[in-house]
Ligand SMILES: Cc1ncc(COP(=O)(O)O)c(C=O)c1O
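Quick heads-up: it's one chain on its own, the form predicted on its own, in structure tokens.
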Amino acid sequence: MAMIARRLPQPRPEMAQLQPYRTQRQSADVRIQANEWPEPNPAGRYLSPAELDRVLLNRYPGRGDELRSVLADRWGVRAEQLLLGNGSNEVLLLVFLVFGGHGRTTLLFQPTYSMHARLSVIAGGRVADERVGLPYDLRADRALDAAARASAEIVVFTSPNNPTGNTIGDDTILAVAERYPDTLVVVDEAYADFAGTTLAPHIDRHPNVVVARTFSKARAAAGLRVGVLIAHPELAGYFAAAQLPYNMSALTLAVATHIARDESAVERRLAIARAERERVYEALQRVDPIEVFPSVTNFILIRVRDGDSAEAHGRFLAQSVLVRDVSSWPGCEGCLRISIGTPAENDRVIAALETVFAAPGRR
């Protein structure tokens, strides 16, 4: 009997070209490639055995009302403005699913967080890139001009920006929101705790602005996967209608509520990050073969002057220090991103600099 040739179902063309998202996972003693908080933060710190026993796994979880109430007080908004997600990427995907999609455009200011473009494509939309380049200096006139040319349904700002580490002025973001009230203006504030900034209080006056926050950075809970979308109540209803039910586990909500209340731990981390960032920044500035960009976050972007970031990345790895090669990101040719580690890890980074960037004859 002849075999019948079978064809597999084919995805949308743009999805067939999309490669899985992967971070660099090479083995190293010092892992400073992912902008995580470097100190261990075990879940047992937050839930006692008695509290753990009160988390009932046979029941579907609630909506996280207690967590949303704590965060609303912290950010000066109303609890009904907050939607919780499995990391900020999930709430950002929700944004693109509801306001993006087929025939709709998202405007991005490159270089910026690579997931924004991916999520727009996954939702079925298209991306318009405005190449800001380095140094990353985005002013209101340029943002408004780009918005006019793109005619986008969604405009995304990342502030502080990843991978450059600097903030975008509130006036720039709000100028776009004011000029284009029918456009959704997304502000990704994953690193806003480090800068002490937020646009959340402006949402009442600019209801087309939505803000995304995360527990993965200053709250040291990247493994917990908690993201928050802050939106005007009228828009929040659209997102809630599209959100999958029971998307946050009962365990996640229980731990996250404790973390949200522990603001003193956040303040301690911010002080450590500030001091260690300044120390690493000063050491990097003494290295002639690189250009160092100022940062207000828990990472620093550098550009290798000869453009060979892959070689520098390999030499760091030879010292058992794993940094992030971001040279493939638009406008980041020759660049590496260095997360701030523990003081001991930062000592290792500083000690490695002479070897990594030594003149060829001295290696």
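Note that residue numbering follows the sequence shown and begins at 1. Values in this document were obtained by computation on a predicted structure and should not be read as measured data.
Omitted from view is the form predicted in complex with the ligand, to which the following refers.
A.B. asks: Which pick from 211, 173, 190, 107 sits with a heavy atom within 4.5 Å of the ligand in the predicted bound form?
C.D. replies: Going through each option in turn, the one that passes is 190.
A.B. asks: Check each of 81, 88, 167, 120 and return the one that places a heavy atom within 4.5 angstroms of the ligand in the predicted bound form.
C.D. replies: Contact check passes for 88.
A.B. asks: Is residue 217 one of the residues lying within 4.5 Å of the ligand in the predicted bound form, judged by heavy atom distances?
C.D. replies: Within the cut-off, so yes.
A.B. asks: Is there any non-hydrogen atom of residue 75 lying within 4.5 Å of the ligand in the predicted bound form?
C.D. replies: Although the ligand is absent here, residue 75 would stay clear of it in the predicted bound form, with no heavy atoms inside 4.5 Å.
A.B. asks: Taking heavy atoms only, is residue 226 within 4.5 angstroms of the ligand in the predicted bound form?
C.D. replies: Yes, residue 226 lies within 4.5 Å of the ligand in the predicted bound form.
A.B. asks: With a 4.5 Å heavy atom cut-off, would you call residue 239 a contact of the ligand in the predicted bound form?
C.D. replies: Close contact is absent here: in the predicted bound form, residue 239 is far from the ligand, nothing within 4.5 Å, heavy atoms only.
A.B. asks: Can you check 157 to 165, 247 to 255, 264 to 272, 177 to 185 and let me know which stretch has heavy atoms within 4.5 Å of the ligand in the predicted bound form?
C.D. replies: Flagged stretch: 157 to 165.
A.B. asks: Who in 111 to 125 is close to the ligand in the predicted bound form, meaning a heavy atom within 4.5 Å?
C.D. replies: Only a single residue, 113, comes within 4.5 Å of the partner.
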